[in-house]
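Only one chain is included here, represented as structure tokens and corresponding to the form predicted alone.
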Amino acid sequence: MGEQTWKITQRKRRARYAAVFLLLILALGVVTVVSVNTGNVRISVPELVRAVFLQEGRPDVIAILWTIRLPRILTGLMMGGAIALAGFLLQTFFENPIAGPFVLGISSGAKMAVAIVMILLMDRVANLGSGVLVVAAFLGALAATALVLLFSQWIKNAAALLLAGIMIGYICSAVTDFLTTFAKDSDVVNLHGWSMGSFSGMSWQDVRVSGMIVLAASILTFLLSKPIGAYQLGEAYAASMGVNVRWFRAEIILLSSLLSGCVTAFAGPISFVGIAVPFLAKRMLGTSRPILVIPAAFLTGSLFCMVCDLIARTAFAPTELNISTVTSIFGAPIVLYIMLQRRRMNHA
């Protein structure tokens, strides 16, 4: 009887997992079509199919689709998934569900490094490409993460550690603002537009570079599913299962810094997605198994950011909101709920 109950439970779980992934994929498809069709020029589904697969149709439709809308949509899809995975890795590392690139100051560190490159080195580096900005953002994110880790050696209280991360973020933002004060007007305009957070203005070169980075980092993250699952049960258990804990922790930091740095370099700082999305993925699946949560978090992050981007560019058209404004509206209440839930559990 017990074995029969176990089999029924397993079937229900597998059905739930399949339903969640199917719904996420369908929702992504619907949002993609709506995003492509939304704007000053309406593109019907038949026109979309001909323009994408046959490259036939009205010249203005083909130009808008291939030079503006598709690069923006693909970038939003990748950046949303990347920031969600970065949040999941940081939550695993710090064993705290409200740890994320934005809260811990990692995004601010990446922003500071990109600002230094854009303001101080723009005239000195010939043909400054997106790859240079990605490297700068990665190093900035890594430096901020290293500072948080340094404080974690002295601060064992999770709330105090998060506060330290917030302070690091403020310091990085202050340095960025200081540099902006003495920068040329043209550099300030470029930096201000980028720092507001947006998927607009993306080119196919940006899609290719970001795609390679996000794809490689996502695959490596998925390959770490088994050691992440062991690490979730404690460092001692992970070590007993043959996991090199020190190397594993370094891998998590490098991957999370690379993912969050890539997002910041291309789209600017995006808030709360890295905290809210992994929580939503776990809730939908009803499990915290990394082999399921990692792809679900990526898909949910992609869907979340694409919906937020659609709202950002249509809610007050022709004026466009920055992406962090919209992600904060939807993500901040989820973070507050997580904090209240943790408080109830601690007092239970």
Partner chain sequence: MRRTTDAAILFRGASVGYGRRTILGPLDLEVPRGRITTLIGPNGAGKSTLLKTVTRELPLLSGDVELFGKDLHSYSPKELASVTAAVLTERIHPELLTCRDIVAVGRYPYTGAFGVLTEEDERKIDQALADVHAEEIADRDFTQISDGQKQRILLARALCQEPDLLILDEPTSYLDIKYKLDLLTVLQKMTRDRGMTVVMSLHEIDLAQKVSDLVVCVGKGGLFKVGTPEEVFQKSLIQDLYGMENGFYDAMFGSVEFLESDRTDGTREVNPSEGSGATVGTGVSGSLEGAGQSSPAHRVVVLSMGGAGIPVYRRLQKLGIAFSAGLLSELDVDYHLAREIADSVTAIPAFTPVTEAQLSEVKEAIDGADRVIGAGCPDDMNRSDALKELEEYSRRRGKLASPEEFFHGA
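Numbering follows the first chain given and starts at 1. Only a predicted model underlies this, so the values are computations on that prediction, with no experimental measurement involved.
If you look for the form predicted together with its partner chain, you will not find it shown, but the lines that follow are about it.
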Using a 4.5 angstroms cut-off on non-hydrogen atoms, would residue 229 count as touching its partner chain in the model of the complex?
yes
Whether residue 42 contacts its partner chain in the model of the complex should be assessed with a 4.5 Å heavy atom distance threshold; does it?
no
Using the partner position in the model of the complex, report whether residue 250 sits within 4.5 Å of its partner chain, counting heavy atoms only.
no
Touches its partner chain in the model of the complex: residue 222 (any heavy atom, 4.5 Å):
yes
Out of the stretches listed (58 to 66, 27 to 35, 44 to 52, 281 to 289), which one is close to its partner chain in the model of the complex, meaning heavy atoms within 4.5 Å?
281 to 289
Among the candidates 216, 150, 174, 241, the residue which, in the model of the complex, approaches its partner chain to within 4.5 Å (heavy atoms)
241
From 154, 237, 204, 182: within 4.5 Å of its partner chain in the model of the complex by heavy atoms is 237
Could you pull out the residues of 60 to 82 that have any heavy atom within 4.5 Å of its partner chain in the model of the complex?
none
